[in-house]
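Only one chain is shown below, in structure tokens, and it's the form predicted alone.
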Amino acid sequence: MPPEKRRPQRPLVPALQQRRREGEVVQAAIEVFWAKGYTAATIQDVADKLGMLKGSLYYYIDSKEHLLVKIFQLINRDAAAILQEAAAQQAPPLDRLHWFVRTYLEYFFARYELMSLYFTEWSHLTGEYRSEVLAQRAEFEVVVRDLIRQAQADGTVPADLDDRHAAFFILSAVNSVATWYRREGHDTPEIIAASYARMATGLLVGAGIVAGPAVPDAGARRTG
């Protein structure tokens, strides 16, 4: 029998060039979607930004929606790294939560246009693309709730505080930055990130001090 033929390996340099070009395509899409909005922007706009033919752009993407997903995958890759580092740190849970909020917001501010697209344009995704992004966003809640529960276990945070509500409160506050932050604003990104991290952890500790109406038990809550 003749020896089995091996598929030739792809040259290293062209592969690196392709990855570089893919990065340029994603960056161009970020700029175009930010300037025009995802709905109004077209593949032709992205091709014009790159100075290439529209048909050539489809070598790197399948559709405009696929291009939006590539942008979100870039965000989720970096955000996942922040989550993993926060969870793995050898520090008290509340300190790790503080670090996560501050570091995540510093990342947000450094890539403001990119992150703003993530929170304003994700609803345009459909099918598997939408499910993928929603699953990735759910990972934030899992890690934050786990850190809150750990802080409850060591007595730092009141045990009767609903960790799900607390996680939603913190993540909603962090994500809402996309609606009001402006690069030309008065405060620096570092000041805002430090302030939000302090408030996020402070509200958890202070929840045991502030008096309020009794919280209904689980049996009295709605199931719908």
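What you are looking at is a predicted structure, and each value in this text was computed from that prediction instead of being measured. Sequential numbering from 1, following the sequence displayed.
If you look for the form predicted in complex with the DNA, you will not find it shown, but the lines that follow are about it.
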Mark A35 yes when one of its heavy atoms lies within 4.5 Å of a heavy atom of the DNA in the predicted complex, and no otherwise.
-> no
Given that the partner is absent here, does Q44 sit within 4.5 Å of the DNA in the predicted complex, heavy atoms only?
-> yes
Does any heavy atom of S63 come within 4.5 Å of a heavy atom of the DNA in the predicted complex?
-> yes
Should I191 be classed as touching the DNA in the predicted complex when contacts are defined as heavy atoms within 4.5 Å?
-> no
If you check A173, A178, M52, M199 against the DNA in the predicted complex, which one has a heavy atom within 4.5 Å?
-> M52
With the partner left out here, if you bring back the DNA in the predicted complex, are Q84, R96 and W99 all within 4.5 Å of it by some heavy atom?
-> no
Spot the stretch among 181-189, 63-71, 151-159, 164-172 with residues whose non-hydrogen atoms come within 4.5 Å of the DNA in the predicted complex.
-> 63-71
Which residues from 19-33 come close to the DNA in the predicted complex, meaning a heavy atom within 4.5 Å?
-> R21
